[in-house]
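Below you'll find only one chain, the form predicted on its own, shown as structure tokens.
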Amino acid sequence: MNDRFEIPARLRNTSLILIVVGIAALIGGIVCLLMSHDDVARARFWLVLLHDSVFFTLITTVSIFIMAATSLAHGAWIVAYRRVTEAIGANVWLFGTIATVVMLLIVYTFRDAHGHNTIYEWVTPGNDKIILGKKAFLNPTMFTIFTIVALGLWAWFGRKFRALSLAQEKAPQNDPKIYWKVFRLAGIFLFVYALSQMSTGPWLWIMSIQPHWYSTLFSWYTFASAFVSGMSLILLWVVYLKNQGNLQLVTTEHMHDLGKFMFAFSIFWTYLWFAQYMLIWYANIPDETIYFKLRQQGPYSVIFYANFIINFVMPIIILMARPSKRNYFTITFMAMIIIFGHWLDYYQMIMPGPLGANWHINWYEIGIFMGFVGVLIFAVSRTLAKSSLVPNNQLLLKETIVHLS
């Protein structure tokens, strides 16, 4: 079976236009940065880049997680669109590289007029006893090593899974050697992922922006947000390819399953959101409540409640019914809403600490976001076009075809 994807001129041009918009926003931001003597404006320049680079790295890495999980479970259902997850996962290196550069520049170069790093306060702790007490963990060396190793491993696994899938096509018919190699690598990746995404990574990259505050649920919370966004991203690509006449093996049942994942993990995200909020509210400890006071009762209250409505109320109302998860327009619309909603979720995780009441969502925030979207479309579409969308000679392909028939 040979199902080749040719990049339509409209898609290519759209991605290039978005990239140009992103570059223009970045140049405009740099000009404003050079002309401004306002510490808040300078912090905002770096925070927007941090926000988008981390967000897009985490949601694309979800595709690697899904490939690893389904490989361990011998899941045949994903074979019909596995090349989509491979194409997304194979480009984690791109977003991971951007995120690494941005974060290390913030740690080693960003300082305000008084010589303080107001984004990662632990870099210049002064006499702050609380931050100094965490110095063994929160220090530039630990941050640098972990970031490079974790994102480097994610990028390597993403490209390795893709390479092994392509190698399977050239292997002898029904040869299980590569299949079991992927199985073993999947187990190793999930171990790495558990130690990075589900624990240390979000602590260092996001939670340490407010080093006086911490939550034991934070890493799971960021994972749930990234997972439902990553699943929505996969669905958008599957729907697009179906509309282009590709992915003949994909049926409404697959769309229904993806819709169920989007619905289920929107509820899971809400469970973690409520668990974190409720425990902090109930304990009413000032060191903990300061996090939500700024977001719920302060200048970010609009985003706080919009976040809850977009990421919980809309999915539970629209995606609960079975027909809505089988309607291409509805699930496509909700996938875009969910991605935007969790982009807002990461915005309110990152921005309030350094910016305080001086928050913005205008040309710079939107322009940089559009640039990252353009890079994603351009990179993934090029990867998809390099091979057949049907993973031929995959050991579970026959099971997938028989199941569909």
Partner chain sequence: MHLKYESFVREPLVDNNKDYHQVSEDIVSPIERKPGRMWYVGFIFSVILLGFGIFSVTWSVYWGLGTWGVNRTIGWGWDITNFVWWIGIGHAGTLISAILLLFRQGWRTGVNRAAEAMTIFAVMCAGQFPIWHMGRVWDGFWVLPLPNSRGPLWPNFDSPLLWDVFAISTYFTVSLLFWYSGLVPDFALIRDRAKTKFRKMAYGIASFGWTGTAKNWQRMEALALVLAGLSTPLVLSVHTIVSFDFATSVIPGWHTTIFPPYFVAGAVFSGFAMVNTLLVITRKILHLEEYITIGHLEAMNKIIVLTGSIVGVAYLTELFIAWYSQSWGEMDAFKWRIMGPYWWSYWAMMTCNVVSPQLFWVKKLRRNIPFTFVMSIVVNIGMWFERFVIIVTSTYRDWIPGSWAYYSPEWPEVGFYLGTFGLFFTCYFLFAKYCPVVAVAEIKFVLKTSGENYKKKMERIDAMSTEDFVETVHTHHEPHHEEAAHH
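Predicted, not measured: the structure shown is a model, and the values here were computed from it. Residue numbers count along the first chain shown, from 1.
Only in words, not in the display: the form predicted together with the partner chain, which the text now covers.
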| query | finding |
| --- | --- |
| Distance check, residue 72 to the partner chain in the model of the complex, heavy atom within 4.5 Å | yes |
| Close approach of residue 208 to the partner chain in the model of the complex, 4.5 Å, heavy atom | yes |
| Heavy atom of residue 14 within 4.5 Å of the partner chain in the model of the complex | no |
| Touches the partner chain in the model of the complex: residue 302 (any heavy atom, 4.5 Å) | no |
| Non-hydrogen atom within 4.5 Å of the partner chain in the model of the complex for each of 30, 95 and 385 | no |
| The partner chain: the contacting residue among 147, 118, 165, 215 in the model of the complex [heavy atom, 4.5 Å] | 215 |
| Option touching the partner chain, based on a heavy atom within 4.5 Å in the model of the complex, out of 194, 313, 171, 104 | 194 |
| One stretch from 150-158, 304-312, 96-104, 129-137 that, in the model of the complex, holds residues within 4.5 Å of the partner chain by heavy atom | 129-137 |
| Residues of stretch 11-39 in contact with the partner chain in the model of the complex (4.5 Å, non-hydrogen atom) | none |
